[in-house]
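Just one chain follows, in the form predicted alone, and it is written as structure tokens.
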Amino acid sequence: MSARKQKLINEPDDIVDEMLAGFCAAYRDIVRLEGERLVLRAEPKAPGKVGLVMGGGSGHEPAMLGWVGEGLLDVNVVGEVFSAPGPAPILQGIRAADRGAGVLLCVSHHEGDRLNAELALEFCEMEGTENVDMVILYDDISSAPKGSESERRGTAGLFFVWKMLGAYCEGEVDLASAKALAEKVRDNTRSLAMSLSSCASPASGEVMFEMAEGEMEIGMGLHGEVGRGRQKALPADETIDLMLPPILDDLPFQAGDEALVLLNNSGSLTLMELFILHRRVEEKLREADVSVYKSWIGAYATTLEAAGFAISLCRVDDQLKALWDAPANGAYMKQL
């Protein structure tokens, strides 16, 4: 299935800055733009609370722009398309998020993201900035085998971390407990994605990868990283039946567990397709005696216009359910 090369843009070099200008104008009550592509909360959280910073490449919107706001992240440091921001803007983001109780830098596990985050922390140490820490986040079961979870990629399931960690850090907590909460959510989250088509870079027009009509690939990453190999595309129910068991087995989820469900649109699936897929997810979870606490269905961490989706499950207890239900006011996670 071919990717859409024609994009409604102006100059390729202006893509990210024009996107940020439009986003921050549309949601000026929630966010503001500052410094070197920093998206900040319009109203900073109260002094004495842990600040949360995320850095990542563009092309995955609304992630992570949509998770900045009350009850969510304090700062998103935005990079070029599919490219992590450098250490200097990350350092600016850390300074902007500091409310006197420390700053936690949240890193989606990809080589460039981790390297630049580590360099930013070195800069913090060199200039004497204290009480800053980093948490590495991952969820994609296709990117490393069970037992090697720390080598896995961060994908759509990090959605759960932003929401619950953001709620947690609205309270009177310290940096160490904030990091521990992030790790708890991460360690209870598993994701697996699939794709029917590629996408094309808005900057170069180049197609990320080629896929033939009638094919699908299970396990692709947010940047088109290789999955588990091409195969004939299957109907919706058979696709879920193929993808859900490895997710359940990996944690493993057990009878009686409660889970949050995210069905994330990679870019160009229709809501009709997503609801058909979600229907089957609910059926199979009932068969496994796993209760769905709440579901979110839509485009939350995209790969430009790729046609595909990810299933993410997060096992929750009473603490995590309370954090999930806490008020939040990001552009794409409002408490309605």
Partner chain sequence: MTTIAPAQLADMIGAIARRLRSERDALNRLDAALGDGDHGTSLSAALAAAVEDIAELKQPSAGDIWLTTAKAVMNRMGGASGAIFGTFFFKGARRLRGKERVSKNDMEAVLQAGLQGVKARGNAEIGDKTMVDALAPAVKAFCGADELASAWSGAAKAAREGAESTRELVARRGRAKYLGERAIGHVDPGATSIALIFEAIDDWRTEMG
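Note that this is a predicted model, so its numbers are computed, not measured. Residue numbers count along the first chain shown, from 1.
Below: the form predicted in complex with its partner chain, not depicted.
Put simply, of 226, 242, 173, 180 only one has a heavy atom within 4.5 Å of its partner chain in the predicted complex, and it is 226. In terms of contact with its partner chain in the predicted complex, the residue from 84, 105, 72, 211 that brings a heavy atom within 4.5 Å is 84. Although the partner is absent here, residue 130 sits far enough away that none of its heavy atoms falls within 4.5 Å of its partner chain in the predicted complex. Under a 4.5 angstroms non-hydrogen atom cutoff, its partner chain in the predicted complex lacks residue 264 among its neighbouring residues. A residue is said to contact a partner when one of its heavy atoms sits within 4.5 Å of a partner heavy atom; residue 188 fails this definition for its partner chain in the predicted complex, lying far away. The closest non-hydrogen atom of residue 112 lies within 4.5 Å of its partner chain in the predicted complex.
The stretch that touches its partner chain in the predicted complex, counting heavy atoms within 4.5 Å, is 119 to 127, out of 119 to 127, 160 to 168, 180 to 188, 93 to 101. Residues of 140 to 165 lying near its partner chain in the predicted complex, listed in sequence order, are 143, 153, the criterion being any heavy atom within 4.5 Å.
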